[in-house]
Ligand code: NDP
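Next up: a single chain in structure tokens, the form predicted alone.
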Amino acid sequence: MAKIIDGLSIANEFCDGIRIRVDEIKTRGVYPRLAVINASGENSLSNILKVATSVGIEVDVYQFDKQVNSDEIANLIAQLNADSKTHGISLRSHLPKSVRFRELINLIDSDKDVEGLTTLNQGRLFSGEPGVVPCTPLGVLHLIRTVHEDISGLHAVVLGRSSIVGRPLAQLLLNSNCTVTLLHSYSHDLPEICRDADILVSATGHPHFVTEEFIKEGATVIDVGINKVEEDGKIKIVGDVDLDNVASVAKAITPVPNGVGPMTVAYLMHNVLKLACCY
């Protein structure tokens, strides 16, 4: 039976270290501050605010309604770029269809790009240069390392090629000397390829897509998926992985919720601290 990787406990322990560092730099007059730009009432920020408060990071939320246009957000980004008290800027991706996320992301100063999503920071990652790395891939790698002390030479398969998770995660794993296979919706023979993976990470956005037939005996499985499904008339959050089905084969697996999600928020705080230290 697979070990359940307790992402919430691991994130809490990681945040304890962040809190100590935040207290440290405050004695030097630096107060880490995050600006969050949000244009969706559905995208709850309560967990981010809770964790930020616990580690001593200040958060300013700029809430727009769904009628917001690109110029309004662009003007705000310009103001925040020029604000010396703001160390990190997070643009939440749930934006109205008329607003082009990639264009706005690239208006953020790369030294305030707390989620590592600007083209410049992603280019730095792919070139092996120092920069800001996306939060979820960092959290995934952290969880993998709680199971494997050394991942050099292991075969890691990543399901999903988004610029937020799949592609940067594949690069992080390559930088850690893994052999990496990146799969997507056009890939053939998915279960067969996945069965060769020592580490399988799924970020497809399809509930219970990964079943036992995808899993090599003793593999580590990281479930990035957050999917809403209706069961017995109630909305439930489930992952990409059918945990009950996979747990009998895998060595270790993350649950949903309380797996990757808390680590994503923890690394958001880590990145704010990093940018504040460099400011």
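Note that the coordinates shown come from a computational prediction; the quantities given were computed from them, not determined experimentally. A residue's number is simply how far along the shown sequence it sits, counting from 1.
What follows is about the form predicted in complex with the ligand, which we do not show.
Heavy atoms within 4.5 Å of the ligand in the predicted bound form belong, among the stretches 147-155, 67-75, 203-211, 101-109, to residues of 203-211. At a distance threshold of 4.5 angstroms between non-hydrogen atoms, Val260 is in contact with the ligand in the predicted bound form. In the predicted bound form, no heavy atom of Asn245 sits within 4.5 Å of the ligand. Contact check for Arg161: a non-hydrogen atom falls within 4.5 Å of the ligand in the predicted bound form. Within 4.5 Å of any heavy atom of the ligand in the predicted bound form lies no heavy atom of Val61. The listed set Thr136, Gln122, Ser90, Thr86 contains one residue whose heavy atoms approach the ligand in the predicted bound form to within 4.5 Å, identified as Thr136. Along 224-239, a non-hydrogen atom within 4.5 Å of the ligand in the predicted bound form is carried by Val224, Gly225, Ile226, Asn227, in order along the sequence.
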